[in-house]
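This text opens with one protein chain seen in two forms, each one given by itself as structure tokens under the names structure 1 and structure 2.
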Structure 1
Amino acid sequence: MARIRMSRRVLMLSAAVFAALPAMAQDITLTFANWATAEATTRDGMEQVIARFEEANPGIRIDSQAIAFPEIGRQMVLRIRSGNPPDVAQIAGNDTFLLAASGGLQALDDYAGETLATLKPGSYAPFQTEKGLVAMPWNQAPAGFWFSRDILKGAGLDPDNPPATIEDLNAAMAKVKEAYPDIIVLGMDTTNRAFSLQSNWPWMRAFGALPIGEGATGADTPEMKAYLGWMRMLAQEGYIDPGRKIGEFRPLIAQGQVAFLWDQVLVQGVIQNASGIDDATFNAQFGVAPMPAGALGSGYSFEGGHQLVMFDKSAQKDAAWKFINYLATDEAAAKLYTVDTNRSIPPAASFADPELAASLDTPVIEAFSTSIIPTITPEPFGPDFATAATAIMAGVQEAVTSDRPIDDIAADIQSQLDR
């Protein structure tokens, strides 16, 4: 009987030990909300980066949740309110600051301290708020003034010297339109959405307009009216194609149907993917420069890059930070996704990997790094940005599609902003 009782004790102890083992050895699963895996052009690169992270961190599994870019900000707010946010999310633009204002994000200061010293200061400064560092920069994707050298040459313009001022641009657009009456002279986003205001903000600033934000002078001002009048001229002369989203112009410039394009650094990748041309051919056919200077004597840009955020309800913050830090700073991940897939610029100040450094040693990256990024102007992001964008861009659309007096349009925008 004693032998039997001992066997039972051993069996019971063994059962208890083995019951505890799965809990001790169980992998961590991080939920990662992103649009990179929702889009065909970036899905493969993102999935490869995730696989490499999991291979390097066998105790962590990534549950990638694909959400379309236009929906992800709203979805994250709803999930914060319902108490079910992911661990990590890809985010951009005003959505980053909406999430920060919601109180649902984890400040990253205690996690990112040493990492920040390896980044370009300008890459993370916009995300330092009174609540701390609310987001980690993943890539930089500022806007530049792209141009087709072939079209400029065909219009009798210098293909190596694009317009440096808005006055120069007006004259160049007239020549392009005369030489190529059927193409889009200037591709720019004039839709009514928050991103369109983000894209048009540097042009407003070039005219001296400051309708919202810190130090705002309002919409019913001579400067804002000058901007609206210029937009109307672009439409009346047939230089722009109103109502198109910025992404719609990218394949068109690759086909030789757009002369100038106001768009982000990723344009090179889109053109090369669409046309199959190599780097040397691309640089011979296309170039990018700072936005032509306006009344204030300078041009501006906007930062359209993507960030990574951690949610305060994450039960595995150390693992979440490890994943964020990997995506943002690992050189192999930067080469595979940020540079080769997303065609943007990593936030790191320097690179030890000679292959990665060489991939960033290009005329386009040089132009952005030395001439365009320094012109980035702060956007008036915040909880009211989307509402203000609706009012402002509705006025812009009216300016480019109607003959209603500009003074009346500006007054209406201001009335909407006041409300």
Structure 2
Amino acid sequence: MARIRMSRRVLMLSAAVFAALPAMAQDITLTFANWATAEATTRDGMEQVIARFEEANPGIRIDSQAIAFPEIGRQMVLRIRSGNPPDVAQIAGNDTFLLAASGGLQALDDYAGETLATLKPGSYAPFQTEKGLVAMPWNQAPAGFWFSRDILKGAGLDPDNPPATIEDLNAAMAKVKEAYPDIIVLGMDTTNRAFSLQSNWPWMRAFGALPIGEGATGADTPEMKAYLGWMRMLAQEGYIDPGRKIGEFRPLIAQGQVAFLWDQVLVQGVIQNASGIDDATFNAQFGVAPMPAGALGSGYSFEGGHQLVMFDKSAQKDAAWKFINYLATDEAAAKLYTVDTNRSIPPAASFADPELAASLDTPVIEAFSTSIIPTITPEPFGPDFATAATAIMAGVQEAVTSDRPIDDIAADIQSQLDR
């Protein structure tokens, strides 16, 4: 009897070992720092994409680390410096160039190689620096001038033709305020952070101001003062709600509380998610246009899309590239997340999947592709951008919330930029 029991034990043990073998064999865990899983709108879509990737790649597990958008730049820099960065990170705006400057990123040229040829040149060109391709574009999300047709109609304006110049805009805002005294006429981000400067940069350019970067004229210029004066007017007339982050306006516009909103292409996703309306209803209620032109005759936009970066301390770069490439170019992932969840534009130049192509054929995306994307103006991203943002946005906040003379504020900004 003992012998039989013994051999049964051996059998069970070996069975267990064999069952565990595949799991033991090749389990790579990739750490993926991102804010997609930190925000309600994008969490489900992101998790589904991750799950699909794991299914298609059985030896790779993704450990998603949710980090809030305002925190991610700071945290990545600190983790690079302290030697424990993740494998892959979602990044955007100035933070991308911050990380690049820190020297902790893996250049992606060898990995991306041929894939780049399938992308729109404009989507990856900004990320080719002297260190190589520092980031892989994941989606494009430029900012546009959104408007609520219902509110325009109610204020006696043409719901299909939003103001084309800033002067028209000023007049339109006055009418909206009169008709709807309690709503937010113009939603803009006026917080004091790098993203805020990025978001308001096109408006400054519309007034002709160029405070930093190549060919900068500084902050103590008539153009900059004109911009600051215009911001102050917006606050004094009660058109804007100062101090709010851009994210705070998105649910409000879904509730019909905002007339004009300066925000990225993903607003559509947020609104439809919040109010559950379908595409047709959405297009009937909202529209998007290029920024009203300034005195110099142009409006601008900025690229607010997201990128993916790989850290050079990563121990599993091949697997990390697989994941990055999947997110950026896989059409199913693009359809599920980039388009349907995030409401942004994939960087690929063309699409094999007709459904995907069709889903990108909407009035909103049409407006972005034809009218808005061409107005994107480059911004002087980098470590100095963040420092400058503190100074410039503090000045903007001062202009908006106090009565201090604009000249003094402009001079102050300049003195801080000079340090």
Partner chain sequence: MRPGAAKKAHLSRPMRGRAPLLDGMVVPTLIVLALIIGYPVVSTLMLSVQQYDLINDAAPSYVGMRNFSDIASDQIFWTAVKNTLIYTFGTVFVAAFLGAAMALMLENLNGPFGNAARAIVVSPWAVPFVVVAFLFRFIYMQKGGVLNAVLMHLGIIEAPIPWLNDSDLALPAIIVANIWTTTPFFFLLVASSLSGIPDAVLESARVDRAGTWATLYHIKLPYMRNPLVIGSLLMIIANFNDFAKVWVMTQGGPGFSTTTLVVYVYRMAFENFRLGYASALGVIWLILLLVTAALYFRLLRGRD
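Numbers follow structure 1, counted from its first residue as 1. Since we're looking at a predicted model, the values are computed, not measured. Between two forms, the rigid core is defined as the largest C-alpha subset superposing within 1.5 Å.
Asks: Only one is the form predicted alone; which?
Replies: Note: form predicted alone is structure 1; the other is not.
Asks: If the two forms are fitted on the core, does residue 314 show a Cα displacement reaching 2 angstroms between the two structures?
Replies: Residue 314 C-alpha, core-superposed: shift of 2 Å or more.
Asks: Do you see a C-alpha shift of 2 Å or more at residue 215 between the two structures, with the core held fixed?
Replies: Comparing the forms between the two structures, which are aligned on their rigid core, residue 215 does not shift its C-alpha by 2 Å or more.
Asks: Is residue 181 one of the residues whose Cα moves 2 Å or more between the two structures, with the core superposed?
Replies: No, because once the rigid core is superposed, the C-alpha of residue 181 moves less than 2 Å between the two structures.
Asks: Rigid core superposed, residue 84 Cα shift between the two structures in Å?
Replies: Superposing on the rigid core gives a C-alpha shift of 2.4 Å for residue 84.
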